[in-house]
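Structure 1 and structure 2 below are two forms of the same protein chain, each written out on its own as structure tokens.
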Structure 1
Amino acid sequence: MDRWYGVGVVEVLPVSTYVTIVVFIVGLIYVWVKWSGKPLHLRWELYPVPHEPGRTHYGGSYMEEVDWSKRKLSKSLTEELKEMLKEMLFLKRVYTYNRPLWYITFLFHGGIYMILLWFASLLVYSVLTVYVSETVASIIMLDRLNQFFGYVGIFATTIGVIGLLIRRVADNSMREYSGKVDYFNLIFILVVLLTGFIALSVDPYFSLARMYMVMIVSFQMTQLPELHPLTILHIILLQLLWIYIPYSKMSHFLGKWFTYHKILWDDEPNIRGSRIEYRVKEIIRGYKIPWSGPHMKKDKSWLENASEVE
């Protein structure tokens, strides 16, 4: 696998890395725009709502106030973000409602966050080295941090992904709602991690990884480090994973914003002339139902279905 049609694989890697970055970013933007344009959801309005200042601790609502509809609502986006971070970083609800699963999934997600920090430390080190000074990067010990994040991340994520695979197979309740794509995603990640261990055995201090990132940041294709074939395989698989993420269920991290801010905590009142009223009418009259049933006809609006009821 050293050369493809006279072109060295190593020479192709920088170009494929840039393509991967572009496809990943475009994919995330596509998913965000797609979800943002979805019809109005069925609002839960479950309390406590974090953006209610002074009422979160007892689950109150602005509707307690007299003439609340005549006042401008006060919301705290900061409090929402704090609550979201508890869920995203520490998996708060899994910890509360399914403690045995939490130990495994926290290792998995925590390991992924450490790998992301590994990428970030590589990027910062490379930017400082190329555009500021390698001495500055050494002073703040980015190489040591890089090693710490890398080792903790790959070990934690590997243990977590193996644990999740075993749990999906052994736990009847999880096996019932686990599809083929769920197993594929976990196995794909595991294969990338296992090839990562091989790459790690060749480059235990991430020296080659830093050289490669410096080359990417500096756009100097002529300064390619010599890479082991298995390291090249790992890079290719890693790039494929990054390309795959935005278009798969693994993009659910973007969905946190919509799930919490737009569904779970959206308590904007539906009053005459409001944005909510307009969107409700838009769905009733214009949204075509993509599914069918004994009581509903496909590709007709809610209003059309309701008018046909005898």
Structure 2
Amino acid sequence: MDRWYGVGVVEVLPVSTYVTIVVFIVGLIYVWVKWSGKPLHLRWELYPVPHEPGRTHYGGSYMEEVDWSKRKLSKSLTEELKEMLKEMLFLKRVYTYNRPLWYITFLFHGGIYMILLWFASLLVYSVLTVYVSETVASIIMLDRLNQFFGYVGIFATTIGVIGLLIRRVADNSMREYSGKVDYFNLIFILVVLLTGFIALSVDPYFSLARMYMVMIVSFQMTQLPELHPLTILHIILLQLLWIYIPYSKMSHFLGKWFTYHKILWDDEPNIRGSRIEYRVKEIIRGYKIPWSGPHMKKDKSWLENASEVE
């Protein structure tokens, strides 16, 4: 890579890696705050709600009992976690309701999980190497594991993403609804993966990758290994992808937490004196109605609108 305004691209890489990590984390926090900062919504749960003890298997709720409001309601966190993991790891709903898509999307998502494990093993290896000893890292075979995750991950994700692209183009119902951004996201990921293959071809045992990570975790930016220009291109694209993820639809892993936990599984009743009741009071006294419909009292509070009927 050529020099740019006197600074080599290679020299910027470690700095941009740190910047990427920071921007990514800030982005995730931004998304989290954006969604969790939305006002309390009306209840809109959908059964089965998996934390109903003893009722999850048929979709029952505490409202099946007489005088439920007099009882202390319990929730089963285990059941909820079980359902969450089935969805996260195995994409349960796609498996149940859209099997042809599942084969492809499972390969894609499974591949991503493997790549994340690749990153994680790389990180642990490097931390151990820098702060404990390289021998310990070798003893627990982290380098081997790292290779396994890396190869399975990149192949599975690439096949998956190509499959998803083909399906999006070939399937009428998906093509008609897909927008520019849907294609851009998949193509972006594919390009990163293809440059990843090139990087892999010059570093088949991930030794450069390990050296790079060692440099990052040790904060020794001068110890940058010598990298092939295409490897540098891959790292730059990968960094751009990480920066882009929180601000794109790819942050659905966070969005999903809200759709399930905060909406579809949110069956928490509004009990007298509870935090929910406090928030309800605040909202319906505070918000003013902006609507112009003839039955609305525009600019009056929600409470005034609800309680004053002509």
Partner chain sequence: MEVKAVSRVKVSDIGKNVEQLVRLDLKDLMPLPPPYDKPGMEPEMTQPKDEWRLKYATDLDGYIGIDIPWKPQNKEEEELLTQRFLEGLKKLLSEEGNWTFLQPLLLSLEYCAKCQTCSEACPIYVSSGRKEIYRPTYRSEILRRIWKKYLTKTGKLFSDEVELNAKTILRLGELAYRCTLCRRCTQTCPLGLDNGLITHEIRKLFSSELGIAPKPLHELGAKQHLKIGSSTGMTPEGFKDIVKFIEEDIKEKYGKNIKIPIDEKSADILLIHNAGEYLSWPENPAAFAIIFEEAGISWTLSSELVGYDAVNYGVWYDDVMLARIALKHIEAARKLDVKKIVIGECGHAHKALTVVADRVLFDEYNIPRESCLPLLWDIVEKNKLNLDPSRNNFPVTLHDPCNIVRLMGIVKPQRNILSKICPQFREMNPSGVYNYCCGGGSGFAIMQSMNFPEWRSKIASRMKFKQILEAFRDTVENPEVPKYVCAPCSNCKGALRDTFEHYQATSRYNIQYGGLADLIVNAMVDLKTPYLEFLK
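Residues are numbered by position in structure 1's sequence, first residue being 1. What we label the rigid core is the largest C-alpha set whose atoms superpose within 1.5 Å from one form to the other. Remember, predicted model here, so these are calculated numbers, not experimental data.
Remark: the form predicted in complex with its partner chain is the source of structure 2; structure 1 originates elsewhere. Relative to the superposed rigid core, I21 undergoes a CA displacement smaller than 2 Å between structure 1 and structure 2. Core-based superposition between structure 1 and structure 2 puts the Cα shift at K288 at 7.8 Å.
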